[in-house]
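Only one chain is shown below, in structure tokens, and it's the form predicted on its own.
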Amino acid sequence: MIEGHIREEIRRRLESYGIFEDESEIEIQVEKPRERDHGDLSTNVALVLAKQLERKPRELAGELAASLDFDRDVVESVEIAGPGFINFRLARAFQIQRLLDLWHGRGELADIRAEAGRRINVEYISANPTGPLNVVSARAGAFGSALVRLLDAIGYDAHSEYYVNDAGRQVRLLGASLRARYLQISGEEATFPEDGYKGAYLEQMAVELRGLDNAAIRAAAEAFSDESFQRVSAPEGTAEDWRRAPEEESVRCFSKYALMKILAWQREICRRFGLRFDTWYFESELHETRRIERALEQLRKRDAIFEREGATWFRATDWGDEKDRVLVRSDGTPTYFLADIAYHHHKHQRGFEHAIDFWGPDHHGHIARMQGAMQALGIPEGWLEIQVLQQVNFIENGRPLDMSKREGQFVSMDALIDEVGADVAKYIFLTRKPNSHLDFDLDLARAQSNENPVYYVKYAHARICAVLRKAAAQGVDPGEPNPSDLARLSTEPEWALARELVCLPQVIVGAALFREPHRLSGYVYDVAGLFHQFYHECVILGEDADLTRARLQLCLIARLVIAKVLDLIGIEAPQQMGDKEEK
């Protein structure tokens, strides 16, 4: 990529200053400047190194700029700006070649696939199967699915995974809650469990159960007949049979049914949101295959655990945690922490060279102990990477909405899709970094106007399609983009758009490596804005046949770029949206 070429030339010139003699690594940033009139690329290396070299930044920048040696057919000029930035302007012929490489899928767009199939596991959502998916899960879905596509785009073999916590206290509590609701609607006295699940979805489930015979219950389980869900099955009998069973068996049956129903909801809502998981991994498998015991034994062999007060503890403080953590309680039951250790240990055993987890904001304190446990098992430091997703606040009529999951009064992922659509939700989730709080403006999301950024971007793609349809109706064939035609582009709106289009490979690589899929939404919004400006300021279907052909070819490349980015986000690129302004 051209950024790498510029970095190497800067590094070569910096060697004469002796700053690499101690083999220290100096990060040389080359990126698109904030202001378009500052050139195509820029570096702040002189500002970074000025203090170390005891030089004035602008003076050092001028000295470096004068020493850089580039082919003028590639880098047309090198300029100094501000307190010490070095700006680079790329030659038009080189930019045209970059446009053509985009069109043909070669050059920088091909070179970004540098990871040669390295296997990487991306686990996201993984909500407890105790209720409908909420908006934090939706945000995790937007980021996780986009990151998987980005990693695939740069050559990784990215594997998406959903972890199902189908064992332990929470699942039993879910069954006890459903059982209590069923008994109540059947006219029996039933005490609702403390800390039980109070959502209306359980009342609805209980009502539905009254009318289901065993055949209907078993039919509901047939949706889980595929390989990923063979662990999901319906309990034998009917709800009346479960109700008459001893309490522990009764709760187990209601738990099994509730788990089956809620997993069906979760899988369906993921499909509605456009999410695909390569694996749904069930916690119960860890228990049945004794992977939990084997992980514990590995920790014991490495002297990473100790016994105290009848419980087994992990030496978490050895790995930066604030205190040691219980792995096995004094009654012999394993904690969720031990199950998570065994699960991630098995990820490594499955051959993944790296693992990325998306966790909610309430799991931040869990990071150090989990990463420490991986190292205690002999897994390399850095193998497990955690991305924390912050809370989503919904705004309506200028006021925040109050949400409480515990009382069942929360915005579900399903309701959000019904309200604004999956595409809009995914795009808006990707307008901020994952570790930043997000204010989701529902009024803006519902708007069918250019104020809505999703509409604005989609409209750009549809507008290009409309222009190309009109050209075809007039018998105008743009032909394949080629150097001689694209060389006729000369105005600033044309070249502002072209310069942004060729940044696509750089954006994809940066978004993937820095785990920042939100870069995609900002980039495609800028591309859409520059296309709309080009559309309004340049007559695309004009009297000059050669210029018309050049501008249509630019439209073709712009359509390709917008569609590519929307596909990475998981959003439809529409062919039409009622555009009446073709020209």
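Rigid core: the largest C-alpha set superposing within 1.5 Å between the two forms. From 1 onward, residues are counted along the sequence shown. Please read these numbers as outputs of a predicted model, since none were measured by experiment.
Beyond what is shown, the protein has a form predicted in complex with the RNA; the following relates to that form.
For the options H346, R89, R267, K470, the one in contact with the RNA in the predicted complex, meaning a heavy atom within 4.5 Å, is K470. In summary, among the residues F85, Y281, Y156, F273, the only one with a non-hydrogen atom within 4.5 Å of the RNA in the predicted complex is F85. Shown alone, this chain has one stretch from 89 to 97, 351 to 359, 301 to 309, 181 to 189 that lies within 4.5 Å of the RNA in the predicted complex by heavy atoms: 301 to 309. Using a 4.5 Å cutoff between non-hydrogen atoms, D544 does not count as a contact of the RNA in the predicted complex. Using a 4.5 angstroms limit between non-hydrogen atoms, V539 touches the RNA in the predicted complex. Contact annotation for N165: at least one heavy atom lies within 4.5 Å of the RNA in the predicted complex.
Under a 4.5 angstroms non-hydrogen atom cutoff, the RNA in the predicted complex has R463 among its neighbouring residues.
In the predicted complex, the RNA lies within 4.5 angstroms of at least one heavy atom of each of the following residues of 32 to 61: P33, R34, E35, H38, S42, N44, L47, V48, K51, in sequence order. Relative to the superposed rigid core, the position of the CA of V524 differs between this form and the one not shown by less than 2 Å. A50 shows a C-alpha shift of 2 Å or greater between this form and the one not shown [criterion: core-superposed Cα displacement of 2 Å]. After superposition on the rigid core, displacement of the C-alpha of R36 between this form and the one not shown amounts to 2 Å or more.
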